[in-house]
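First, one chain by itself in C-alpha cells, the form predicted alone.
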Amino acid sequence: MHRPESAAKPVESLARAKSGDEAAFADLVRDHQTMVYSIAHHFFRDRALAEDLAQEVFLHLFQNLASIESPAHLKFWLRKVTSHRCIDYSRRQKMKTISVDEAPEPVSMFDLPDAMMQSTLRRIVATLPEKARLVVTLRYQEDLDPTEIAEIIDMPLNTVKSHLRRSLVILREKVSRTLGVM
C-alpha cells in the first residue's frame, strides 16, 4: 500500500535524519523551529534568548535523535524539552517576575483588532510566576489541553488545572485594575 505524500514525508525525514542524513535533520529543524521558538519567545519575551534556547533544544535533539520513535513523539519531545529548558534558563539566570512597566514589548505573530489591549495582556501575562506563565503559554499559545501540558512538563494534571485557574483569576484582577474595569 502506498502512503500519501503528506503522511510519508515526516516519517521518511525522521528515518533519514536518524541514519545520519544532515539535510533530513535540517528539514526536521525547519519543520519545528517555529513551534520551539514560539514557546521560548512567549515565555521569555526576549528574541535573543528564545533563539539561543531554540538552538540548544535542537542541539539536544541532534544528540538524542536515536531515541525519537515517530513524528508525533518528536513534536511531543520538542515541546517537553523546550518547556523544561525555559524553566532551567529562568532559574539559572535567576530571572524574577518583572513589573508591567519593565516588560519588553512583545512581537506578535498575528494581529488582534486592539493593539493596545494585546500589548497590555502580554505584559500582564509576563508578570506571572515562571511555571504558571509556562502553563498559560502552552494552553493558550500552543493550544494544548491540560492533559498534554501535564505530560509535557511532568506536572500532575490537577496542578496544571490549578495553575490555569489561579492564573486566570490573577490575570482578570490585573486586567481589571489596569483598565479600570469592574
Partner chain sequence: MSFDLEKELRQALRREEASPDFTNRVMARIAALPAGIKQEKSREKTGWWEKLAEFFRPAPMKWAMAGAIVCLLMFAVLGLHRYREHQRAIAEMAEGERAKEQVMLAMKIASAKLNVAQKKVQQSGERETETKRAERQ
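Given the structure is predicted, the values throughout are model-derived calculations rather than measurements. Numbering follows the first chain given and starts at 1.
Just so it is clear, the following notes concern the form predicted together with its partner chain, a form of the same protein that is not shown.
Contact between His41 and its partner chain in the predicted bound form is found at the 4.5 Å heavy atom cutoff. In the predicted bound form, its partner chain lies farther than 4.5 Å from every heavy atom of Lys9. Contact check for Ser70: every heavy atom lies farther than 4.5 Å from its partner chain in the predicted bound form.
None of the heavy atoms of Glu130 is located within 4.5 Å of its partner chain in the predicted bound form.
Within 4.5 Å of its partner chain in the predicted bound form, a heavy atom is found for none of Leu74, His84 and Asp88. Although its partner chain is not shown here, in the predicted bound form the stretch 134-158 places heavy atoms of Val136, Thr137, Arg139, Tyr140, Gln141, Glu142, Asp143 within 4.5 Å of it, in sequence order.
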